[in-house]
Structures are given as C-alpha cells and as structure tokens.
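Listed next as structure tokens is one chain, alone, in the form predicted on its own.
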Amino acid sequence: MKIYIKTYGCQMNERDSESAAALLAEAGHTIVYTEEEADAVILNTCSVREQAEIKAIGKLGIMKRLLYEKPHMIFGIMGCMAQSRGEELLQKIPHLDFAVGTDNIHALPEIFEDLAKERAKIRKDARFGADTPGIDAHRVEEADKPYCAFISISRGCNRFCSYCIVPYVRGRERCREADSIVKEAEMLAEKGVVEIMLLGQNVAAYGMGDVLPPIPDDESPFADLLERISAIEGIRRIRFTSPHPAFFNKKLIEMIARLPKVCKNIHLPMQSGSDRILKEMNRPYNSAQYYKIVEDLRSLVPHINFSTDIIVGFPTETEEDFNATHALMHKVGFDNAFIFKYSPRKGTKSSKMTDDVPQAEKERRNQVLLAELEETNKRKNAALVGETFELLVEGPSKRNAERWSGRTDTFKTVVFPKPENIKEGDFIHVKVTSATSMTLYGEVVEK
C-alpha cells in the first residue's frame, strides 16, 4: 500500500513520523510524498496550540475529495490530537478510519493489515514505557538529510506548566534505557549520520525520575548520556531539545562546555522574565536563576548562543510584567526566539484563568519582542564578519540554487558559493564576508 504521512507540530512529531514510516516500510508498504499518489493518508497531529488542531481537522475534511477517485482510500490520525480526541473524531468524521495515540506507533502495521481485511473504526491509545517498539526505527537512506537524525530519549513530561497540554496528551515522563539510546546512535553513525538531535519534552531531567527542583549539582544522567554519545566514532555533532532551566545544574553545564561534539547553541525556554508570571505558569525558577545559567555557560564557552520560547499576554500579565520579559530578553541577547501570543488550551490549569490581555495588546507585545530579536541578531551577526567557521554542508540555498548553505555548531546559517567536489553532509571551513540579521555570507577557505 502507498502511504503518505503529513506531520504537524514539533520535532518530537517529526521523529514519530519517521519511526512510523520506517515501521510501515519494513512491513512492505511504500512511503510516498503526496496525498494524490497515496492509498492511505496519516496525519501526525499536534495539540499544543488550538490552531494546529484546527488545521489538521480542516485537512481531513478537504481530503475527503480523494474518496471520489479512490473509494478504497484509508485515512488515519496519530499523535497528540489522536491521543486526546481520538474517540470523538472517529465518531464525528465518517471517513476517518483510525486514531493512534502517542505511544502506539508500533501498532500501525497491524492496523493496516486489519483494515485490508475489513474496514472498521480502530482506536489505540494505551500507554507504554519509553522504549516502546519501533522508537528506534529509522530510514536514513531515504531521509531529506541522511547525515542528520533525531533520537527520542524520553516521552511525556512531569512538569505540568499551567499553560501546557503536553503531560495530558503524551503522559508522564518515561525515559529510555541509556544503553538503548547509545546503541541507536551507534547504528546511525554506521549508516553515515554525523549529527544527532536528542529529543524529549525535558531532556535535562533525563533519568531523574519524578524529582523536584532544585536538583543536586553533581547529578545529571543526561550529562552522562552526552558523554557516552560523544565517545561514538563518526558522530561529530550532538544537539538536544528541549531542556527545562530548572534542571540545568553544575554537572550538565560543565559537560556541555567540556565536550567539543556538543553544539554550543542551547535552546533554553524562558517563557517570561516576570517572576510573578513564572510562578503563575508553574515554572520553578525565577529570572535571576535563569540568567545565572546563561552566565555560567558563557563564562565557560564565550561564543555560546541561546534560543528560547516566550509567551506574551499570559493571563494577568501587566505592562510591568511584559517589560521584565523584554528586559531579560535584551540582557541575554538571544540568537533566536519562538514568541507566542497566549491562547488557552482546554484541560490546562491556565484555561480556567481569565484571558484578560486584549488580543491587540498581545500582538503589540509580540511585535516589540520580534523587533528586539531582529536588532540583536543584526548586531551580533555583524560582529562575526571576518570570522572563520566550520560548517556542516546542508545543500543548495533556498533562494539561490547556485549558492549552498551550511550550519555552524552554534546553528548559524552561512551561505557560500558552491565549490567543486562537495556534497551534503560534508564539513568545510568558510570565512564570513557579510551578514544580515538572519543570514551570514562567506567564502570557502578550506575544505
């Protein structure tokens, strides 16, 4: 059967789609890349924001037209929305055949085998451990970037931030066995992968169980895992997302600084710079503690940079609260930021609060922070002109195929004229000759 998988949401969903594709291909199915050529369509759904759910449901409605040409067409959903609303959507959408929750990707081959015998409504949403079958399945040779791969190291979350639906749709935190993760990384290295991204809702809490912050300075199973993966021959870069600031301790900070393979770009979700709002969000740190992590890392790795998540317009956020967020953002000097205008998610604690910041004000605050981000990047990128960086080559530039682009270990994009005899996944050295707020431009100085 020809199967098309469309992914909504985060990198965790991208990784789950990759696992699903690998399992289905192993079962004899063919993965295709458009819905028109498919006999079955799976939407891997997201529930973090309401708009993502609306898009997925709307897409299901639009795709009903495919049944006119292919009455045998099979439609399914997987992921967060399938976990939280699977039964409801199976009842509401006549042409939806199955809903597979966040821990049941391994059931997809069996579901398609059952549907080939008899069409029926199928729902699977049981909870399993983190080392669920198929979590380590990959299709490296068929990947868009066969030199890079994601590895899920944990599933679910224990933090219960007041605005977040993740613990309800992905469950409580369950961590994979370290030996299993290392074995997966070794397998990927043997297949030519040189960069891996470790994924989890809170990777910094890996292996700690249900411990509450503050955590001991000398204990970090995640730091130990980074060290083991760093020892694998062939792996040259290690990235990870997302960590929780409350789980950054001395051991983890020092390990990031000590291991050259761990990329010096840290995604550190801030959410707010107001201590009062952080408390309302159930984030167990304050702005001073957050900034200390930044200072401690920069003291050991001066060229390190940071990206973050920020929510503006959280219930009761005053102008004073917003100014505290703006001030902390300016002080840190983020190289990237995902800035969201607050919207309530049904089932979370904050959804019971009055959404009292007007939409226009949320938009204004959002634009203020976006302008801050652009100004910071313009200044910081200009300072990099004349510097030379090692790049992982990613292929043709999106805007000009005659130029190629690559990433520094600090996740900066550099565009350069393509020399002969290089390919995607190579490492080269490029000297930066000019810069904008978004992109660096350079010349190859050494292959």
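Heads up: residue numbers just count along the shown sequence, starting at 1. Predicted, not measured: the structure shown is a model, and the values here were computed from it.
Although not depicted, the form predicted together with a small molecule is the subject of the following passage.
For the three residues S274, T325 and E361, a heavy atom within 4.5 Å of the small molecule turns up in the predicted bound form in no case. The stretch from 294 to 302, 264 to 272, 108 to 116, 145 to 153 that comes within 4.5 Å of the small molecule in the predicted bound form, counting heavy atoms only, is 264 to 272. The small molecule is not drawn, but in the predicted bound form it has a heavy atom within 4.5 Å of Q201.
For the chain shown alone, F75 is not a contact residue for the small molecule in the predicted bound form, no non-hydrogen atom being within 4.5 angstroms. Not displayed here, the small molecule is approached by D309 to within 4.5 Å at the level of heavy atoms in the predicted bound form.
Within this chain, K59 is remote from the site of the small molecule in the predicted bound form, having no heavy atom within 4.5 Å. Interface residue among N336, S242, S287, T376 relative to the small molecule in the predicted bound form, by the heavy atom within 4.5 Å criterion: S242. Taking a 4.5 Å heavy atom cutoff to the small molecule in the predicted bound form, the contact residue among K251, R174, K341, H330 is K341.
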